[in-house]
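A single chain, nothing else alongside it, follows as structure tokens in the form predicted alone.
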């Protein structure tokens, strides 16, 4: 599967402008032969949790979903996007995968909320990273801070995931995540990790860019800079098979022992 990662600057609460950015990226990615476009965390509405809670009308969210589904259909490309979700008054950060026909395939709620602002605005999910058969691969989905916990990537790998797609909103000052942690997650759970970030400034927050794709051997196969960019990589399930045959981390786990260790 040819995968595209969109790195761009979002305009907080300017949904029309943000959808235009996704529209252009989807067109370019599809023309380059990509089958799936991964976009950053909360990109259609911008990353500004307190403003979203105060100013975003929940009743507009179905229309935004419909617009994104329409972009997938228009460009014949699957799309993974992230939006808030409001259920029974609780706000969550979610990610949704739609296929090239605009049909929803899976939906996931972020489990690990980063910092006081996210924790103040959103409620955490509790389900493990969702995994789906798609395009000849087992794809897992996590969101931003989730991937900084090895348990999240491992939970996806144990469900057979060969690639983990991660929309994120990583600010400057934490670049070790892109440079070191993402390749490590890929290596230890023997799957591709694709991490799509914002860039530029959003509501006073400086976003770091540096979107990255690492393969199941921990090698970086795609790395963006700090500016807007569309990043491509070919994701091959046989590479995950080879990595797991070379060093059988998943087979050699001892979960019964880890439970005794209270892990």
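Numbering follows the first chain given and starts at 1. Computed from a predicted model, the values in this text were never measured in an experiment.
Unshown form predicted together with another copy of the chain; subsequent notes refer to it.
Of the heavy atoms in residue 160, none are within 4.5 Å of another copy of the chain in the predicted bound form.
Residue contact with another copy of the chain in the predicted bound form: residue 150 places a heavy atom within 4.5 Å of it.
Though the partner is left out of this view, residue 71 does not reach within 4.5 Å of another copy of the chain in the predicted bound form, counting heavy atoms only. Heavy atoms of residue 135 never reach within 4.5 Å of another copy of the chain in the predicted bound form, leaving it off the interface. With respect to another copy of the chain in the predicted bound form, the three residues 181, 187 and 254 uniformly fall within 4.5 angstroms at the level of their nearest heavy atom. Only one of 135-143, 85-93, 109-117, 71-79 places residue heavy atoms within 4.5 angstroms of another copy of the chain in the predicted bound form, namely 109-117. Contacts with another copy of the chain in the predicted bound form, taken as any heavy atom within 4.5 Å, map within 160-174 to 174 alone.
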